[in-house]
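This document opens with one chain alone, in structure tokens, the form predicted alone.
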Amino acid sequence: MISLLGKVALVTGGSRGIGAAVAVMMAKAGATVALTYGKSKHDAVRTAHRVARCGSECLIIRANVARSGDVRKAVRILLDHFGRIDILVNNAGIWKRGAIGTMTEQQWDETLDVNLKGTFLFCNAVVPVMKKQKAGKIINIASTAGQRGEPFYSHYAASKGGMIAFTKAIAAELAPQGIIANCVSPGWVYTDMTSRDLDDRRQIGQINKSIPRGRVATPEEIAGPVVFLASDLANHIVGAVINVNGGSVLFG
């Protein structure tokens, strides 16, 4: 039932992890995909090949999501190539430990710039195009940390909490113009970003016990709700936070 045929989707941080899973699943649903990557072109090319095997074209664009010039250039490249953008998934993010009291200003700024400012910059660049089209979907990848906080990751929690509030604000602002914004809020997900913690046998055991389903999510289990929100099946869902955490944090 879910079809994204004829849609053009941009996934930031789409070279691996959740972003790569979203790109591939959207391609399977019929979308044409563009993805941004920060450092590893190899990972981006590998994901593009996975997308191509689904029968979809994939454009890869290098961009620092925290730099407005890079963001504007990325959107311009996409529009020059495809002529439109129907779906924006703000997935690019970082998760680095930082204890309050010893965290540096640079650590704080880096996390807020990538996770929150990057989301703002891409939305700001894409929304004028979607307004002309009188349609569009924006899905921002938040986190349970943005809802309940996370010790030793206060900068990360602040960035994701800000993303949730930002999404709700623009959702109410843009819905009258046919642009629908929502969040997907994952709990623990096995990706390169979390592998150091999740590969620790003792720590993964404790984490799994805290999840009613008994295990950490796969990237594909986060991608599914993202693709749903991008589809016409979710047209009347506006400003929502879809929690995907196996029951570990129960927000209504």
Ligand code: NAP
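For clarity, every value in this text was computed on a predicted model and none was experimentally measured. Residue numbers run from 1 along the displayed sequence.
Beyond what is shown, the protein has a form predicted together with the named molecule; the following relates to that form.
K.L.:
Could you work out which of Ile139, Val114, Met130, Val75 is the residue within 4.5 angstroms of the named molecule in the predicted bound form, going by heavy atoms?
P.N.:
Spelling it out, the residue with a heavy atom inside the cut-off is Val114.
K.L.:
Would you kindly say which of Ile211, Met193, Ile204, Leu59 lies with a heavy atom within 4.5 Å of the named molecule in the predicted bound form?
P.N.:
Comparing distances to the named molecule in the predicted bound form, the residue within 4.5 Å is Met193.
K.L.:
Though only this chain appears here, would Ala92 touch the named molecule in the predicted bound form if you measure heavy atom gaps against 4.5 Å?
P.N.:
Residue-level check for Ala92: yes, a contact with the named molecule.
K.L.:
Do Ala27 and the named molecule share at least one heavy atom pair within 4.5 Å in the predicted bound form?
P.N.:
Although the named molecule is absent here, Ala27 would stay clear of it in the predicted bound form, with no heavy atoms inside 4.5 Å.
K.L.:
Val65 versus the named molecule, in the predicted bound form: is there a non-hydrogen atom within 4.5 Å?
P.N.:
Yes, Val65 lies within 4.5 Å of the named molecule in the predicted bound form.
K.L.:
With a 4.5 Å heavy atom cut-off, would you call Gly187 a contact of the named molecule in the predicted bound form?
P.N.:
Yes, Gly187 lies within 4.5 Å of the named molecule in the predicted bound form.
K.L.:
Looking at 152-160, 98-106, 77-85, 168-176, which one sits within 4.5 Å of the named molecule in the predicted bound form if you count heavy atoms only?
P.N.:
Flagged stretch: 152-160.
K.L.:
Could you pull out the residues of 1-17 that have any heavy atom within 4.5 Å of the named molecule in the predicted bound form?
P.N.:
Gly13, Gly14, Ser15, Arg16, Gly17, in sequence order.
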